[in-house]
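Take a look at this one chain, the form predicted alone, written out in structure tokens.
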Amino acid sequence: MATFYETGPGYPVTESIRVDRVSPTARRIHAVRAFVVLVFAIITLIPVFVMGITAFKSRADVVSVPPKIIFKPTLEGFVFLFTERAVVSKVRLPEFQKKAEAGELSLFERIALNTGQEITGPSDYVDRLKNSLIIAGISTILSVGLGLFAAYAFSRFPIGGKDDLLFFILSTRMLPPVVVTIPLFLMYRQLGLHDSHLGMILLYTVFNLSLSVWLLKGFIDEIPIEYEEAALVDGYTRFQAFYKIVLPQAVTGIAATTVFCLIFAWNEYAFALMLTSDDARTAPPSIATMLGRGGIEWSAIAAGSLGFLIPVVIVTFALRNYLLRGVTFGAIRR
């Protein structure tokens, strides 16, 4: 890398050349690290790959031994996922075949007919997925919002017993959810919160709040307090200093915390299974209980899991730049 300097009028321009060289040992270490990361990524993505190809397999291909890697793709799993079906009687089978030949049946109806079934209505999967979006989305917004204000207070104000309070907040995260499921079930039945969106939103918000407070406090601690003091001297109120100074610099931490809280609320299984039954039932317990006629519909379960995975992937991909800076925020001090 070449750099040019001019010392002053009448002085010649001098050139300083610096060559950055990487030793062969450092290159080999870097190559080994890259190989290890690649192998780990491949091993981690194997279940996702199996789930993806299973969603497009027929029932016969799913249960084949040995498992098939090359097969004829079909939407049979998605038909079983989104519809309720009944077996077509032998008397009505010719009628359905004539409609199929005439093009009067939709794609899903033709696929169901190939398995000897007719579609009787939509399944509950869309409603379950909608419940997951509502409960996980609102609880994430509440936990991050409340955690942001609490973390700012712990970071900026002298609070008596601060360390004890922080440990108490964190201790709620240490408790296994299954331990408190029965007491929560009894309490929710008394309060009328069982199988309700409000009950699940409050529960996920409380459990995510401890994680949100601890993560955001670490990010806010890294923001110099001198910035706020200068804003206060210039006539800003405390809230204006928080909104215009702290909040823009804490965006990366907020994004990282949002992703972590969303993943917990989106994937949670035990509470959703025990505390909901119909109206507020989310996708995780409903996917695991999918049963078909004559056996488990593995292709439908894989299709449901694939559809359940997509929203989290979209959110994480949209916040990937903030997430990468957020998890490394404060790692390098100048």
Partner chain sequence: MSVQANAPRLSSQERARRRYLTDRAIVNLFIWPTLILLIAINLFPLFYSLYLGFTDYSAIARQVPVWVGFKNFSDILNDQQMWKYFATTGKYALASVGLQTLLGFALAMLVREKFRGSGLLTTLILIPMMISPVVVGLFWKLMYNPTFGFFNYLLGFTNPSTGPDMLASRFAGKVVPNLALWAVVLVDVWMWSPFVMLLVLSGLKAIPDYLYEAAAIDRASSWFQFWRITLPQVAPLLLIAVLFRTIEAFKAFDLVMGMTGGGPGDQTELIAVNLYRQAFLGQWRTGRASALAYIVLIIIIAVSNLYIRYLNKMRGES
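This is a predicted model, so every value here is computed, not measured. Positions refer to the first chain, counted from 1. For the two forms, the rigid core is made up of the largest set of C-alpha atoms that agree within 1.5 Å on superposition.
Another form, the form predicted together with its partner chain, is not on view; read the next lines as being about it.
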> Is its partner chain close enough to 177, 180 and 313 in the model of the complex that each of the three has a heavy atom within 4.5 Å of it?
Replying inline: yes
> Could you tell me if residue 308 has a non-hydrogen atom within 4.5 Å of its partner chain in the model of the complex?
Replying inline: yes
> residue 188: heavy atom within 4.5 Å of its partner chain in the model of the complex?
Replying inline: yes
>> If we define contact as a non-hydrogen atom of the residue within 4.5 angstroms of the partner, is residue 280 a contact of its partner chain in the model of the complex?
In response: no
> With the partner left out of view, is residue 84 within 4.5 angstroms of its partner chain in the model of the complex by any non-hydrogen atom?
Replying inline: no
> Out of 126, 134, 88, 153, which one falls within 4.5 Å of its partner chain in the model of the complex, going by heavy atoms?
Replying inline: 153
> Of 245, 111, 254, 119, which residue is found within 4.5 angstroms of its partner chain in the model of the complex when only non-hydrogen atoms are counted?
Replying inline: 245
> Residues in which of 214 to 222, 92 to 100, 201 to 209, 111 to 119 have heavy atoms within 4.5 Å of its partner chain in the model of the complex?
Replying inline: 201 to 209
> Judged by heavy atom distances of 4.5 Å or less, which residues of 270 to 285 approach its partner chain in the model of the complex?
Replying inline: 270, 273, 274, 284
>> Taking 2 Å as the cut-off, check whether the CA of residue 307 shifts that much or more between this form and the one not shown after a rigid core fit.
In response: yes
> Superposing on the rigid core, is the CA of residue 39 displaced by 2 Å or more between this form and the one not shown?
Replying inline: yes
>> Once you overlay the rigid core, does the Cα of residue 29 travel 2 Å or further between this form and the one not shown?
In response: yes
